[in-house]
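This document opens with one chain alone, in structure tokens, the form predicted on its own.
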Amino acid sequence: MKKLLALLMALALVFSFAACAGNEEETTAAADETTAVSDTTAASEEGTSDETGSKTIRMSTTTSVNDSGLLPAILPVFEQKTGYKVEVQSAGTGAAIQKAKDGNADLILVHSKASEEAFVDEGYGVERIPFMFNYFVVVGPKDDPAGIKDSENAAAAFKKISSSQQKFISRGDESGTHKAELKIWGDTAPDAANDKWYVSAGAGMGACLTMANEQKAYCLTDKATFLANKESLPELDIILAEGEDMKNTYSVIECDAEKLPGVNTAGAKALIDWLLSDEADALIAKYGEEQYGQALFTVIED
């Protein structure tokens, strides 16, 4: 009887060890499977993140192409066609270029030739590509107190404004428009500290136009931005337009990934190629006709 009991106990121990071993194998297998699933999920999530990043294009640009409504009108066509998402950051040309130098852009779209050439020469940009233009205009009170309407060009108009000391609102912000204004003034540029009629606003185009409207002052602006905001500027009119010293050329530049790591080169190239395409040309050439009765920008022909 004792021998039988001992035999039964021995068999029970054998089965117990076997069950434990089986459970351990199942637990290990389950753990391995869980780890594999986790690794696959992580890889999938990592791939999704990379793909999402590659589909975002950061454009640093001047206020005029954004505030005029051009970019909001044409970029959705590019996005729908390519699957890219364009993040637009707009500021004066000087600030827009600095954002790119700080590594916060994949391409720039600005309008200050000297600054653009310096950006490329310093290694930040690949190539300056001029692709469209419009004109600066001098806006001011409808009764034109400085009598600039029949001036030969902007430089002659500025001289009359200075002589009559009629109020003039300047961007004063190192933007492309501000630099164009200073170039027109030349050596006769007023000093805001001493010339009380000359106001250096240090502000964007929209804010300066509002100030000019409120103070019945003159102001240099791109034509597109003025027309886009004309309804809110009842005191102002275009007094002088399209003088030979008022052409306003826009260029697009891909940021150089060698100088600025993290640049979405593929995205920047795709957007630039599209901006130079026949499809984009047609959209740019027509923009403004329906709402303002005239195109706001002119494409530079090859």
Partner chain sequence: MLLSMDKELIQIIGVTLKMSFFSTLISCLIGMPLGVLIEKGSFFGRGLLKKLSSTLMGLPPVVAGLIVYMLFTRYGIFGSLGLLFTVEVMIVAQVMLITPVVLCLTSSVVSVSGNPLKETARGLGLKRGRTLSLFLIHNRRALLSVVLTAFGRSIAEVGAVSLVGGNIQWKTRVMTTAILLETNKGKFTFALALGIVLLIISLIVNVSASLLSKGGKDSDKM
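All values derive from a computational prediction rather than experimental measurement. Positions refer to the first chain, counted from 1.
Although it is not shown, the form predicted in complex with the partner chain is what the next lines describe.
For the candidate spot formed by 143, 248 and 300, no residue has a non-hydrogen atom within 4.5 angstroms of the partner chain in the model of the complex. Between the partner chain and the residues 106, 173, 181, 116, the one pair within 4.5 Å by heavy atoms in the model of the complex involves 173. The single contact residue among 229, 200, 82, 166, judged by any heavy atom lying within 4.5 Å of the partner chain in the model of the complex, is 200. Here the chain stands alone, but in the model of the complex its contact with the partner chain, taken as any heavy atom within 4.5 Å, falls in 188 to 196 among 188 to 196, 106 to 114, 155 to 163, 128 to 136.
Proximity of residue 95 to the partner chain in the model of the complex: non-hydrogen atoms within 4.5 Å are present.
Contact annotation: residue 262 falls outside 4.5 Å of the partner chain in the model of the complex, judged by heavy atom distances.
Not displayed here, the partner chain is approached by residue 214 to within 4.5 Å at the level of heavy atoms in the model of the complex.
When the partner chain is considered in the model of the complex, residue 210 lines it closely, a heavy atom lying within 4.5 Å.
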